[in-house]
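Okay, here we've got a single chain as structure tokens, the form predicted alone, with questions on binding and movement later.
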């Protein structure tokens, strides 16, 4: 049992959630490595949602509301970490979820689908009846009703090559990526440099504020958004935090 007084209590709870989902066949062992890399960047960012993250989250909500055929792609880590929140976001926006995996098996897809249903998700696509050309691994297997036809794809915890291929296919891409240096972060239209356990709840709050907004207001948010500027602010924040800690060590 992890004591609530532990200084890394929340972080350790998240790790336990991931390990539990590995044991249940929802998350892969490789997902643990990916999470550890993200957690390192979160530590450098101070483990808070910065203004640049909130700006990206707001733009993401606006784009999802305005999209004609949006889809939310879910992998094992996303299902493990924010299944209830991603289900709530999906239901609030009336956007289906699609199970899409790098390490894909029918059994794993079914487990994730059931996990999402038990977390309150409504529409879940997992048919795997279409192929995303120009991609050589299992994430090319998509649902013809979802990623294949989507104009906007929200891919929390994305891998870079698929992000680039989605762009080649003319789709707008929203991602959550704590690493502002990654291929995904630089290729996406909107990169949320934030921990997914904070980002999705933030977006849920914004949906309630923006869902009834005029189209002109939503368009204005997107017109002012600059993803390169957001990534630059994220890098500057990391640099400032490192310089501050360095100075404190010498005091």
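Computed from a predicted structure; not experimentally measured. Residue numbers count along the first chain shown, from 1.
Although it is not shown, the form predicted in complex with another copy of the chain is what the next lines describe.
- Using a 4.5 Å heavy atom cutoff, none of 49, 59 and 223 lies near another copy of the chain in the predicted bound form.
- Residues of just one listed stretch (37-45, 199-207, 62-70, 212-220) have heavy atoms within 4.5 Å of another copy of the chain in the predicted bound form: 37-45.
- Screening 168, 92, 181, 107 for any heavy atom within 4.5 Å of another copy of the chain in the predicted bound form leaves a single hit, 181.
- At the 4.5 Å threshold, heavy atoms of residue 10 stay clear of another copy of the chain in the predicted bound form, well away from it.
- Not displayed here, another copy of the chain is approached by residue 32 to within 4.5 Å at the level of heavy atoms in the predicted bound form.
- Interface residues of 55-94, taken as those with a heavy atom within 4.5 Å of another copy of the chain in the predicted bound form (partner not displayed), are absent.
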